[in-house]
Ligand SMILES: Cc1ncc(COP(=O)(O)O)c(C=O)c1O
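Form predicted alone, single chain, as structure tokens, below.
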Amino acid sequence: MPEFGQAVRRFWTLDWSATHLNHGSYGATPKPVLAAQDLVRQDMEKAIGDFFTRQLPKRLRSAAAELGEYLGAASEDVVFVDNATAGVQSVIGSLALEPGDEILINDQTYNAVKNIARHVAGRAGAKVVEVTLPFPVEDDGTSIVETLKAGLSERTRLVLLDHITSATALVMPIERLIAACRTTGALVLVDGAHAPGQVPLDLSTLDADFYTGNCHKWVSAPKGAAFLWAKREHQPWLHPPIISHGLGKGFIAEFDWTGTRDASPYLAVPAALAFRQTFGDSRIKARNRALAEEAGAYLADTWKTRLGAPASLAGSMRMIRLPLAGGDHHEIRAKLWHDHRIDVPINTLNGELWVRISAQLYNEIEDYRRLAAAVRRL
């Protein structure tokens, strides 16, 4: 079994003269998965008509079956979308909202998702209710649950929950949040953009109505590979963002064909899952989480600052407050890249500067030591 860190960097095409601490934003696809995607493209281009009319429907369902097994879901309840945002658009855009209906979001909801909610609600005369979550978080997530409950009402039609927040890297107490939403009868859509491959996930036991997630981040599939899962009672009224020939023919028919496109990211998902199994899926999650925790503690101690949340609400990403009194976070991030060749997101939260680190198989503690030294030089 290969070790991690520098020993496995040969599997990625990343430029190793730089320090890559931003896996959470876009992922990084390993060479064997890229090779599998290239083979799909070759199949497509050597027999285009046969590929799209006869091969693709079966191959999509086969890939969905492998992904469904990984997610703890039946293949007929899983469809591919280009990214988690497209999954959110599919659900919210399909809602039959009425004036006065409410969609509940929070201040850490991904901005693109917020825009979808506002756009769709605005056209229907519905309302978007936004609650402000505590951050930094001092407890086991109880304060998050209580904040969300305060935003619920009898008019709440849909609650948008992040499984892992993008802005703050919080692993939300998702089961408790869903249970709280059930007290009002609201539908629950989980935006799991960062969750698959980072934390354990079993959709058969998670009581959400809809779950969308990316495969290009922690699962390490190619860019443009994501999924939408829905309970069967909701599938008849769900539609993809692009309406095509499958309208009215069922969940799979509508989503599996939305027009001619490159389906190779979807069909390479099984290769990404196989790549993970060469190391052991549980082993990857445990190792990355442990490295993120070690690195977060090291940075907070070195900078004499603090972490954004306890370990119980953390995965393979960590938020650490920067030891800087002020400055533009875009400029700081650009300076870290141009002057030190370190790619890492910087956010301003409640007037303070925070860094969000990621831990992937190719990282090691020395990467975060370089970040600590670079920030000190700022």
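Residue numbers here begin at 1 and follow the sequence given. Here the structure is a predicted model, which means the values were calculated and not measured.
Missing here is the form predicted together with the named molecule; even so, the following discussion is about that form.
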item: Answer option from S90, S220, S166, N288, heavy atom within 4.5 Å of the named molecule in the predicted bound form; value: S166
item: Selected contact from L299, A292, V113, L170, since only one has a non-hydrogen atom within 4.5 angstroms of the named molecule in the predicted bound form; value: V113
item: All of T85, D162 and A193 with a heavy atom within 4.5 Å of the named molecule in the predicted bound form; value: yes
item: The named molecule in the predicted bound form: contacting segment from 131 to 139, 252 to 260, 231 to 239, 209 to 217, heavy atom within 4.5 Å; value: 209 to 217
